[in-house]
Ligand code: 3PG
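Only one chain is shown below, in structure tokens, and it's the form predicted on its own.
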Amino acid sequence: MTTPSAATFTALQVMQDAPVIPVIVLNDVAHAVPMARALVAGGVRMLEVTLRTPQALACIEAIARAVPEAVVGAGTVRSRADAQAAANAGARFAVSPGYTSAVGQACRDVGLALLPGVATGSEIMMAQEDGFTELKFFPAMQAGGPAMLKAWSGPFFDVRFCPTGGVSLQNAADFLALPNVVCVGGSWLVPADAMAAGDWARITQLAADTQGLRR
């Protein structure tokens, strides 16, 4: 699959690439490139590196430079400064834990496709007002799980979701069975112990295992 140019890249393209977007927390820049290569080898190209550690931006930059077959994005984008820093580091998309118009506009200004986080009907409506129809449902399990998304499919029939938060290999299929779910987000593809041990083969296998979740 050919990666679209930054000008045409959309949140929907991020969501449709694979059943799972890995939610990645990196504490060591040295892990970034081998981890990204391991995920790509398992068929997962869309990589959400969360801005939760001081090393996150350097990790995004390293992946963008050394692993061109990956599409690296920034998670936990909460401000215009986060969006700008992520774009400067080479991120291609952004994921936010919630939604504000300021974050939405900031991502547009710097050319980042945004997957905004929502947990309520009002937040969905605010995101829709600003033109966002592909949304992250977060925290998915704590906010109602598959039952909530099923309920939303009526009033929000034109919205597509990526549930994240409490999603695992054990319950991912329950979400993916819903017509308004395109993919899920999960941290289980990059377990902390595998990262610490440099067990990249395990990460490749975990990524490969998710391919069977396709509808």
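Start at 1 with the first residue shown and count on from there. Just so it is clear, the structure is predicted and the values come from calculations on it, not from any experiment.
Below: the form predicted together with the ligand, not depicted.
Peer 1: Out of the stretches listed (31-39, 58-66, 161-169, 176-184), which one is close to the ligand in the predicted complex, meaning heavy atoms within 4.5 Å?
Peer 2: Result of the contact check: 161-169.
Peer 1: So, residue 138 and the ligand: in the predicted complex, are they within 4.5 Å at any heavy atom pair?
Peer 2: Residue 138: yes, in contact with the ligand in the predicted complex.
Peer 1: When the contact criterion is heavy atoms within 4.5 Å, does residue 23 count as touching the ligand in the predicted complex?
Peer 2: Taking the distances in the predicted complex, the answer for residue 23 is yes, it comes within 4.5 Å of the ligand.
Peer 1: Going by a heavy atom distance of 4.5 Å, is residue 52 a contact of the ligand in the predicted complex?
Peer 2: Looking in the predicted complex, residue contacts with the ligand include residue 52, since a heavy atom lies within 4.5 Å.
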